[in-house]
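There is one chain below, alone, in structure tokens, taken in the form predicted alone.
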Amino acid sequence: MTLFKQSMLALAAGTLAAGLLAFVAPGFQADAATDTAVNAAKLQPVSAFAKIKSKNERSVALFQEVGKVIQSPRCMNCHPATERPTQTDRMRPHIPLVVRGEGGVGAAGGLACSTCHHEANFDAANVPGNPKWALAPAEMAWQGKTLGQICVQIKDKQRNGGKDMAALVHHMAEDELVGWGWNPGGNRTPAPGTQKQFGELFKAWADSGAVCPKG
């Protein structure tokens, strides 16, 4: 496909998205595509936790730091409590109406995620994109749960896609869709810190015994 055709398809998707917004929710105004927001929230380095003598307490503290990313809108929007994703920093229900469907890419016969979300962010229409764009499976829902509950869920192979700890570390530190959280485009606030810092903290948590916060 030529670059011109790709550009025309992206423009058409953005126009379609804007049209759907106007049709589905009269009076609703999409967030303006402004300069990319900068998240003032920082992540502490792994070295900051070395002073905690208790291994268990250090492990919990590391996961609480990891939780700054996990509980940010960039992650939570794609791990909804219902079949419908949320969007924007305010985590409002997705407009237009879409649901998870098979494989997390939209319901059969309904609106597929790829209708508007392509392989890259399309900032002209403030539409995010990534080659792996999809909702997390229902068993990986995080919204409405405490950080401790999310922690237990992440470690559970029955609910994390069968990943052992090494696979989880790799996923958090290297996965492209996870990495989108720090490059969300438009006026969306990036996840705190960087994916590299996040991966280092997650690995340190795993190496310290992967202890979960209580509650």
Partner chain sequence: MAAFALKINGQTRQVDVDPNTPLLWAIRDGAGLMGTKYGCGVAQCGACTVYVDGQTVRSCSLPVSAVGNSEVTTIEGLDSKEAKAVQAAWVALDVPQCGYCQSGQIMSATALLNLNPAPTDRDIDLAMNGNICRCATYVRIRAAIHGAAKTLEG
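Residue numbers count along the first chain shown, from 1. Just so we're clear, the structure is a prediction, and the values are computed from it rather than from any experiment.
What comes next is about the form predicted together with its partner chain, which does not appear here.
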Q: Indicate whether Glu139 is a 4.5 Å heavy atom neighbour of its partner chain in the model of the complex.
A: no
Q) Can Pro96 be called a contact residue for its partner chain in the model of the complex at 4.5 Å between heavy atoms? A) yes
Q. Quick one: does Gly110 come within 4.5 Å of its partner chain in the model of the complex, counting heavy atoms only?
A. yes
Q) Would Leu135 sit within 4.5 Å of its partner chain in the model of the complex, counting heavy atoms only? A) no
**Q.** Heavy atom within 4.5 Å of its partner chain in the model of the complex - qualifying residues of 71-93
**A.** Glu83
